[in-house]
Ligand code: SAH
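Heads up, the chain below is alone and in the form predicted on its own; it's given as structure tokens.
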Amino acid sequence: MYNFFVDASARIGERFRISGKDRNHICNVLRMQVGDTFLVSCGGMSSLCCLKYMDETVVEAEIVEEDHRNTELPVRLYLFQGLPKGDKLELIIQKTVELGVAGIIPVEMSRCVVKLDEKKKKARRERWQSIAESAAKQSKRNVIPDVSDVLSYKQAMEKAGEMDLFLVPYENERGMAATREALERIKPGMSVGILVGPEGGFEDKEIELARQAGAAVISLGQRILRAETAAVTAVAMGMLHVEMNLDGDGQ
């Protein structure tokens, strides 16, 4: 079932009015007809809707079932990702949005190969946000996760200090006991940051600064993972722990 995101101004009574690119997608790409159903997500809640009216500028969808299904995790997972090479961050955004992250924070780190000027940062962020929106639609999320501006490592550590729990998977950390203990600290309603390094990994100083910011340094296993694999693995571990052990009471 298709899913579309709108803001509060699109709702009029028991109907949503959808225009712009989403109207075009509904009418000209999907070729929906009056009577077809789809999901409309607004304000963190998704409603099952039935297409009731369409013209050259707008479609109207009537709410059939409000708060149809909540697909959001009872915790807010934030991925802090050291900038990887090429288009790897696009894959990381797509997959971690599917897994349930609340937001993605790209981070400039010492061993990042990629160096972006301000113009490129703006263009890349627009591209990354578009990927997050597409992934949110595909995975039937209730919200579109935000991809933030690219942060310096210092800025990232300041933001990490706002998290209830901050985890750093590190290739030199051994043993899964600390990982299990860290995951068991997650409670409903918490914000959890996960910092994954770029291809070159972390410098010792960066790990020390992360510890000073309150990070729990953890392992993802005995094998060395690529940056994109580590990001997906870390988020998946957090998602799986939450889905298996926590309910939604903290939302």
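A quick note: this is a predicted structure, and the numbers were derived from the prediction, not measured. Residue indices: 1-based, along the sequence shown.
Omitted here: the form predicted together with the ligand. The next part is about that form.
Based on heavy atom distances of at most 4.5 Å to the ligand in the predicted complex, which listed stretch, 169-177, 127-135, 69-77, 84-92, is the contact stretch? Heavy atoms within 4.5 Å of the ligand in the predicted complex occur in 169-177.
What I'd like checked is whether 183, 193 and 237 together line the ligand in the predicted complex, meaning each has a non-hydrogen atom within 4.5 Å of it. None of them does, since no heavy atom lies within 4.5 Å of the partner.
Taking the ligand in the predicted complex as the reference, which of 62, 208, 36, 199 has a non-hydrogen atom within 4.5 Å? Comparing distances to the ligand in the predicted complex, the residue within 4.5 Å is 199.
Name the residue from 30, 225, 54, 50 that puts a heavy atom within 4.5 Å of the ligand in the predicted complex. Of the candidates 30, 225, 54, 50, 225 is the one lying within 4.5 Å of the ligand in the predicted complex.
Can you tell me whether residue 188 touches the ligand? I mean in the predicted complex, with a 4.5 angstroms heavy atom cut-off. Outside the cut-off, so no.
So in the predicted complex, does any heavy atom of residue 214 sit within 4.5 Å of the ligand? No - in the predicted complex, heavy atoms of residue 214 and the ligand never come within 4.5 Å of each other.
Does residue 44 reach the ligand in the predicted complex, with heavy atoms at most 4.5 Å apart? Flag for residue 44 set to no.
Is residue 232 part of the interface with the ligand in the predicted complex - any heavy atom within 4.5 Å? Residue-level check for residue 232: no, no contact with the ligand.
Which residues within 205-222 place at least one heavy atom within 4.5 Å of the ligand in the predicted complex? Counting only heavy atoms within 4.5 Å of the ligand in the predicted complex, the contacting residues of 205-222 are 218, 219, 220, 221.
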